[in-house]
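Coming up is one lone chain in structure tokens, specifically the form predicted alone.
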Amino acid sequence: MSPIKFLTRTRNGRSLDWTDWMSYAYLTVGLFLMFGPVLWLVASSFKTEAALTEFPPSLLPYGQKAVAVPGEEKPKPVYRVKLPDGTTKELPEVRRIGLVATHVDPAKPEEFIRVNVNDREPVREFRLATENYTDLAGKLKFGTYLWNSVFITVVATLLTLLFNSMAAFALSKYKFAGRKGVFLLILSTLMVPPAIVLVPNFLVISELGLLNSLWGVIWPAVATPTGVFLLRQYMLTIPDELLEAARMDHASEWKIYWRIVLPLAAPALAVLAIFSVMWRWNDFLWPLIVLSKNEHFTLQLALNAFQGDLVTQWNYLLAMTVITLLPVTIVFAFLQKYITQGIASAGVK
């Protein structure tokens, strides 16, 4: 079924029923509430610093028009000026003192026109302030922050998948005394608020000499009870006969785990990978505690440090925020089809 045909379906297959109108109204409101703030964020990231302070605000990145004036270093803002003869003309402003602004005609730069600021209005035009993104490298160590975030996210996700899948494999396919107790102990840690273990984790990381190290951010987060539970429930659906057949063919336990169990648990691993990427990429509190040197900051810490006490350049801050959202969005877009499949399969047994 094509997307257009799917979206234009009706209850009776012909005309729109009142339930169809209610459904489309509900979905429209939900779509606006979910994606409206994101759309506003992206549009605002392309606005100039002056456009962000305008009131009333506009959704599209409109800014004041500026032109080059001979003898001036920077482009000057353009205003629609009402001349003494009653006509209006678009002229750039070269200076302003109080309520009197001095304008100049680029065709006649030697002639100055002084008008009251109440007799003019700014000329606006659609303009994408792409310099908000291109100037980030010069404003701060953006490449360093990006690499730190990518390194922590990728390595922590891989280690999380490895350790959690091995624990889930042992709890689902091996029978040993205390198996249920160990599983309940792991699940019980879900009831412990993360803030309670911040101090013990910090003391351990400090004793290991991992303060101000990216590994100090990675190691405390590689084992998650949520991941163990999700993978264990999914691996219970894998037939034990398949593993017994592999053992009869003299396959080692590691080979069974690596070549049979992991490929079959790919949907659940994809779900855990999405969760892990979101957790690690958006993590702020733990990196803030462990990392104090600027060269080790992640993007989340850089966003916090970029806000000054007196002056905050919101145009650059919004651009950085959009960039920090992109990796999670891309990962979710590619792996979201596994979420329903993995969670539904994990709850079968």
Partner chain sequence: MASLELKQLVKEFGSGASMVRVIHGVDLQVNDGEFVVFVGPSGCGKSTLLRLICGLEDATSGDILLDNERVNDKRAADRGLAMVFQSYALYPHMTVYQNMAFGLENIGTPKAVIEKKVGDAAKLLRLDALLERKPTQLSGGQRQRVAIGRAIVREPKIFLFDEPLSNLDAELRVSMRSEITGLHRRLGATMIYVTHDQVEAMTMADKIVVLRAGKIEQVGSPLELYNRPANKFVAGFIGSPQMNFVPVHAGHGDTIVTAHNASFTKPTQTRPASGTELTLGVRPEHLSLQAADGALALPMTITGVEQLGGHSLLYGTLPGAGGKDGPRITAQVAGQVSTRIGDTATVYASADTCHLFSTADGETVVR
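Positions refer to the first chain, counted from 1. Just so you know, these numbers come straight off a predicted model, no measurement behind them.
Below: the form predicted together with the partner chain, not depicted.
Just one listed stretch, out of 116 to 124, 77 to 85, 145 to 153, 248 to 256, contacts the partner chain in the model of the complex at the 4.5 Å heavy atom level, and that stretch is 248 to 256. The closest heavy atom approach of residue 241 to the partner chain in the model of the complex falls within 4.5 Å.
Among residues of the shown chain, residue 94 is not one whose heavy atoms approach the partner chain to within 4.5 Å in the model of the complex. At a distance threshold of 4.5 angstroms between non-hydrogen atoms, residue 263 is in contact with the partner chain in the model of the complex.
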